[in-house]
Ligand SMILES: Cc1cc2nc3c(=O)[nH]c(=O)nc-3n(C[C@H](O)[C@H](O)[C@H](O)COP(=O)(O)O)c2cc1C
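To begin, one chain is listed below as structure tokens, in the form predicted on its own.
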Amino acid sequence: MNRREFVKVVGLGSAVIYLSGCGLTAINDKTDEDGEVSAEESVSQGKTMKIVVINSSPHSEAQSTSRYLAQKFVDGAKTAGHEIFIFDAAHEDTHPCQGCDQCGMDGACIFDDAIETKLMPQMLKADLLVLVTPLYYYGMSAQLKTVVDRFYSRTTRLSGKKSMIIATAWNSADWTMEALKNHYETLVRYMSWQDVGQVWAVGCGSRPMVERSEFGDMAFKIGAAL
């Protein structure tokens, strides 16, 4: 199975979802006859979660491939009753970390921008952080990296949360997402996060391409299964 056919949902029973020519199936000893994870065994354990979705594509809602998948995820999560906050990292007033250490890793940033005033309060109380990015030169977008670097000001308080990544790329080689996947998983390890989902949407270089792909259904199902 190559990376194009894979999406993983990690939860309290580790549900793994594969997409193949035979369609979508769930492999988990805790799923019901329809392949659905019960509320008690879901990531949220049947409770309402606060979810922060960080979009980072500079393209519009009508054009962006990653925003399309993010919205599918949001639609699914809303069916499960979860609370969603969406931050547009590409079009808000943001500044990169200056490495000044004035925050002391647990305080206000020197920049009183949208990350500090709008996003950070939501992230601090969130249960799940969803990173959404197009693949740019085999890494996350500069807009998302700006946000990630600003985690520094609240590193400890942002630790221990659940996380997910949604990424889109034009390329479809089996190594297309390798560097970004390694980066994300290293971030998860450093922040002591619990990864609950990864969508690596390769071969999706335009809006029509991603809309015709299976990845929209993948993103929706992950959100609905939380």
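None of these values were measured; they are calculated from a predicted model. Note that residue numbering follows the sequence shown and begins at 1.
One more form of this protein should be noted, the form predicted in complex with the named molecule, which is absent from this view; the next part is about it.
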Residue 171 versus the named molecule, in the predicted complex: is there a non-hydrogen atom within 4.5 Å? yes
If we define contact as a non-hydrogen atom of the residue within 4.5 angstroms of the partner, is residue 59 a contact of the named molecule in the predicted complex? yes
Closest heavy atom of residue 44 to the named molecule in the predicted complex, within 4.5 Å or not? no
Would you check, heavy atoms only and a 4.5 Å threshold, whether residue 204 touches the named molecule in the predicted complex? yes
State the residue from 152, 85, 111, 136 whose non-hydrogen atoms include one within 4.5 Å of the named molecule in the predicted complex. 136
Between 48, 182, 192, 63, only one gets a heavy atom within 4.5 angstroms of the named molecule in the predicted complex; which residue is that? 63
Quick one: find which of 71 to 79, 98 to 106, 127 to 135, 85 to 93 has residues within 4.5 Å of the named molecule in the predicted complex by heavy atom distance. 127 to 135
